[in-house]
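Next up: a single chain in structure tokens, the form predicted alone.
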């Protein structure tokens, strides 16, 4: 599949990028160096790189969220920056916990600056995100900060469950979906509603937008898990079959393990081996997951989540151009190049 980046995402990078740089400049010099590197603002020596990190999907959703409430995009910039800071807080910590050495085609921050420095940078981004929202003395600033805080608590719960799954052989598909709902979908739901909340939208609109975001968050995680097994390194920014190499209990893997097939039993034995999996083992494991129906289930579930997201959006009282842009982003994140 080939995906064309929606225009709103590029616009979000242009609008939110300078605000991100201004926010990061408030950090102490040592922490700022790590954060700026992780965010793609500088290279490892601190020289400006002229590029930002990521595709700015969540900032784009936050800006749209403000527009959904009838406010201009600019009203959503602070919320967009806060959401992106929290997203990168989680990535800094995830890279350490997962032992990932590459992100976005560059060495991860902890491999360059050390584990301690990367942890502190993540902590600083989290605190900075809340500071930005709480600097708004209006009640809406407090409500937006509360929305973000709830999302962070769910992210932490989801990451905790993900780590716990690594030590278990009996992970069920329902609990794996719940984990993804916390680890990934919670922040996406926040991104889709926080701009509206910060602009003073009615609770019914905020809840509708959050429901849309929760569904596209699940679809995003399913797509990401598929890419983690079958994605090309030039797309994922990580080595081929990186999730299998780490034996992550991703959604396609758990679906395959719970299929009750001959392939699922062979896959369980293969993943339980104490030795490192070689390239042939990884390719064989990917084949077993596909034969056991894990890939097919994940693709179908991503389509189902996208359909549910569309239904939530159809029921929301928002401008038609905003609705169309929301759906364009939803379709983009589930149609990335394999």
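Positions refer to the first chain, counted from 1. As the structure is a computational prediction, the values presented were derived from the model and not from experiment.
The form predicted in complex with a further copy of the same chain is left out here; the points below concern that form.
Contact check for residue 104: every heavy atom lies farther than 4.5 Å from a further copy of the same chain in the model of the complex. Among heavy atoms of residue 150, some come within 4.5 Å of a further copy of the same chain in the model of the complex. Looking at residue 281, you'd find every heavy atom of it more than 4.5 angstroms from a further copy of the same chain in the model of the complex.
The closest heavy atom approach of residue 166 to a further copy of the same chain in the model of the complex falls outside 4.5 Å. Residues 116, 124 and 136 are all found to lie within 4.5 Å of a further copy of the same chain in the model of the complex, as judged by heavy atom distances. Taking 312, 285, 31, 306 one by one, only a single residue has any non-hydrogen atom within 4.5 Å of a further copy of the same chain in the model of the complex, and it is 31. This chain appears without its partner; in the model of the complex, the one residue of 268, 173, 207, 97 with a heavy atom within 4.5 Å of a further copy of the same chain is 97.
Of the stretches 250-258, 193-201, 70-78, 142-150, only 142-150 has residues with a heavy atom within 4.5 Å of a further copy of the same chain in the model of the complex.
Residues in 188-205 all lack a heavy atom within 4.5 Å of a further copy of the same chain in the model of the complex.
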